[in-house]
Every structure is written in structure tokens, then in C-alpha cells.
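Next up: just one chain, as C-alpha cells, the form predicted alone.
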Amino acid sequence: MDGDTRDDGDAALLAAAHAAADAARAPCLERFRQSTLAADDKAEASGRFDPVTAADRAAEIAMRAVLARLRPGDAVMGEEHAPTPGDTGFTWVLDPIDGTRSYMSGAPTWGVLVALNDGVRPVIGLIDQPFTGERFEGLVRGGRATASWTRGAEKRALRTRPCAALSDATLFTTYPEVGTAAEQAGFNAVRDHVRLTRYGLDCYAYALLAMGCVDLVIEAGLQPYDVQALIPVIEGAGGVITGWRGEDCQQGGRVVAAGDAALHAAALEILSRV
């Protein structure tokens, strides 16, 4: 994204977002693929495994410290620590490691998520993959909608690819078991119409959608910190991301993202029956 497409306010907000993502890289990388990495189970009482590691906690603390310095009046909501109130109308929404199961397994398909919500919607989103050095940025604010990919000195604009028909689409979801039995049936109904279905990747699947490598991502049971950073990246690249009935999905729940509006509509037609 070229500098002349941003006003001064956007530039300062983007700089804070990037600084927060930068701060998370070291705590994540120093523990990644280390045999000593341990995990606590946040959902032990429920019988399902919901891991959190020292890297999750340390990365969020590092991001919060940066934001407290650069944006002291803004609110902060993160996955691992208590919310911090603010008085500016802006809220930073953080997921220090989206894909902790992948992180624990040594797979480089997790990501650091940083979003800025202006009180109405997410307007800035970053998907950062520290191990590969990739960062996906989205800005949807003041009539602008742009997205870019960077890795070191490399930088290019992001654009989703055209794919109007389900029969031509590549579909991703994180888990083969999608939500409730009814939600699983809805996903399977779409899956049965597409060309290729793959599993895993967490937030990285949405990044690949913005890059034009994937056509459709369908999930359920998401939290606000799982999805808010994704929205500006997808929309800035020309894609569509909503709930399963076309509603605003910034609070999580059921989410469907598509690179092509016609494909999104085709998926919604099936999913809206659930």
C-alpha cells in the first residue's frame, strides 16, 4: 500500500498496529519448535482441549506494552488477558497466537492477529506469520479499502481471485468437525459442491484467500479476537466475509469468507438453511 493512500491518522494507527505485531514476534519465535514448550488446557473441565502456552501469554503482554506506550487512551481486548478500558472510541483486538495447536505441533500455519475497531467495525487488520516473515495488512477506512503482503523488503498488493462457481472452488476450514451437528451438516453440504477441500491453517487460510490462492473459508464457533483482524484483510483484497446469513461477523460465531461475491452468495444460499 503506497504512502500517499493514507492520511496522517491512518499512518499513525497503522504504525501502532505494526509495532504491536513486531513485539509479538520474539516471544513467539523463541519458543517455537522447542521441546520444552508446555501447554495448559483452558477447557479441561469441558473435556475438550483448548491449549494456551507461555508464548501466547508473553506475546500478548508484549503487544499490550507497545499499545500502552503508543496509544494509551485506546481500549484493548485480547484472548489471554483481561480487557483494558479506553476513552478514545478505538479498541485493539489481539490474538497473540491464532492456531496454538499448530504452534505446539511445529507447523508454521499459526499467526499473530492485530485488529483496530473504531467502535463500529474493524478498520485495520494484520495477520502476521513470524516464522515465514510474512505480514498481511488490511485497511478499510475513510472510503479506502486496500490490502498488502510483505516479507522483508518484498511488498505487493493483495487481490482475491475470481471464482464464481462452487464447482471450481478450493474450500478451507480449520477442523473437519465444524461446530454443532447442524453446522457440520451445513459445511458438508457446501463441501460436496466444491472442487477441493483442505483442513487446517487457522488464520493463514484467510491470508491465502486474500492472496488469491484459496477461494472459500467456512468456520463456526469463532470469537471476536479470532475474526476481527481478518475482516479488513479480506475486504481490502476485494473479498467478502460475513456470518452464515450474510450478517456482520465481527463478534465471531459462524463465518464464511470468499474471494468472489458470486461464490459467497452461492455458499450463503446453502449455509442459510442451517
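This is a predicted model, so every value here is computed, not measured. Residue indices: 1-based, along the sequence shown.
Omitted here: the form predicted together with another copy of the chain. The next part is about that form.
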Query raised in the report: Does Pro83 reach another copy of the chain in the model of the complex, with heavy atoms at most 4.5 Å apart?
Result: no
Query raised in the report: Wondering, does Asn117 line up within 4.5 Å of another copy of the chain in the model of the complex on heavy atoms?
Result: no
Query raised in the report: Is there a heavy atom of Asp202 no more than 4.5 Å from a heavy atom of another copy of the chain in the model of the complex?
Result: yes
Query raised in the report: Is Gly73 one of the residues lying within 4.5 Å of another copy of the chain in the model of the complex, judged by heavy atom distances?
Result: no
Query raised in the report: Ok, Ala55, Val214, Ala220, Met63: which has a heavy atom sitting within 4.5 Å of another copy of the chain in the model of the complex?
Result: Val214
Requested in this report: Taking 4.5 Å between heavy atoms as the contact cutoff, choose which of Ala165, Leu196, Ala189, Ala182 touches another copy of the chain in the model of the complex.
Outcome: Leu196
**Report entry** Stretch in contact, per heavy atom within 4.5 angstroms of another copy of the chain in the model of the complex, of 172-180, 119-127, 137-145, 73-81
**Finding:** 172-180
Query raised in the report: Using a 4.5 Å cut-off on heavy atoms, which residues of 142-172 contact another copy of the chain in the model of the complex?
Result: Trp149, Arg151, Arg156, Thr170, Phe172
